[in-house]
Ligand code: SIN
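What follows is one chain in structure tokens, specifically the form predicted on its own.
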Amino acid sequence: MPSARPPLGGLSARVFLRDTWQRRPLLVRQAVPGFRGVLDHRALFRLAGRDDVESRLIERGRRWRVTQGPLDPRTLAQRAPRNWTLLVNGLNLVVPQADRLLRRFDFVPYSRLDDVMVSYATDGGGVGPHVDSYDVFLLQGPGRRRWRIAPPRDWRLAEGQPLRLIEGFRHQTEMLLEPGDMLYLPPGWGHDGVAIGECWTYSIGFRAPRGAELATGFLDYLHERGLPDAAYRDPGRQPAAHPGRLDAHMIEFAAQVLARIRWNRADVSAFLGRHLSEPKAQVVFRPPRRPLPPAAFLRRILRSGLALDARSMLLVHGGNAYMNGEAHALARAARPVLLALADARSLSGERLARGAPLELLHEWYRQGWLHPAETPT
């Protein structure tokens, strides 16, 4: 079940979603009182040096500069203390405390929750005035950041810059965030955050797939299922009077073949389950070095329970479970157990004993997608 107390300044999730979500910004003072972040400089710089973690170095100036990771941790530690920002995406995939932070926003479905990004900025650092196509919560860690925001409009982007910066940005509202404060912004709002001294900001972002992305992915899905096929034939045709004209026979053939493509709502839900649970390209799972055999695994999880790996996405719809881009049909008795696992991301041994698909769970364990609860993730 979703968290009982989301960090919304006393608002219930129901009231927030009804009155604020995708309608207007919300500033919550002390959303997470005393929030100190989830890691320090050394740990952050080490993450930026890994090739399985997405990172970027952004330097502010007349001509902005962006350097894609992996980045040398020693070089980062020796940089001048002004006008640069280090961004690390997917912090929740590699830092358990960040994953717990992300789950505090589970009043929105996991298929919409994306990740936690941390922004470490030196004095004057930031990523410039920009606009996002998705909802975002900006939670202030150590340090302070001044935010300037403006409502949606037909933004014009600056030319010749490596970032999608708003040209001539003029803000409507200004606010200073201190540790524990949080700013929610709906899609389309322009915003510019500048660090006042050394500053950490944790961004909780949401997936908002565009129509073109879904259409492309769905066509690939239909292709995997086997699109209708036919060999082109045109017996008895007449000589071409205009060989440069698009052939009417070919148009008719293509129209007949494409008209045979069929799909229904079940196809759409099956595609979305696979598509939205697919891990990002840089995600790497680490299977156990010496996996327990099925009987020992069963004894272990019935005693201690199990937990999904932080990198795993499990979604359930009807009689199917979608785990990391794969679809699995479920027996009726297994459906409530897998839904409970998808909701809570961990289950006790007592709950697993009531209908869990143990063979499937062992297969996921061998792939590193879940772990006995006593095993660190």
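The structure presented is a predicted model; accordingly, all values stated were derived computationally and were not measured. The first residue of the shown sequence is 1; numbering continues from there.
Same protein, other form: the form predicted together with succinic acid, not shown, and the subject of what follows.
Remark: residue 277 does not count among the residues lining succinic acid in the predicted complex, judged by a heavy atom distance of 4.5 Å or less. With a 4.5 Å cutoff on heavy atoms, residue 307 does not count as touching succinic acid in the predicted complex; it lies far away. Taking the partner from the other structure, succinic acid in the predicted complex has no heavy atom within 4.5 Å of any heavy atom of residue 89. By the criterion of a heavy atom within 4.5 Å, residue 122 is excluded from the residues contacting succinic acid in the predicted complex. Between 195 to 203, 208 to 216, 104 to 112, 155 to 163, the stretch whose residues reach within 4.5 angstroms of succinic acid in the predicted complex through a non-hydrogen atom is 195 to 203. Taking 298, 183, 71, 127 one by one, only a single residue has any non-hydrogen atom within 4.5 Å of succinic acid in the predicted complex, and it is 127. Residue-level contacts in the predicted complex: of 84, 271, 169, 147, one residue has a heavy atom within 4.5 Å of succinic acid, and it is 147. Of the residues in 172 to 199, only 191 comes within 4.5 Å of succinic acid in the predicted complex through at least one heavy atom.
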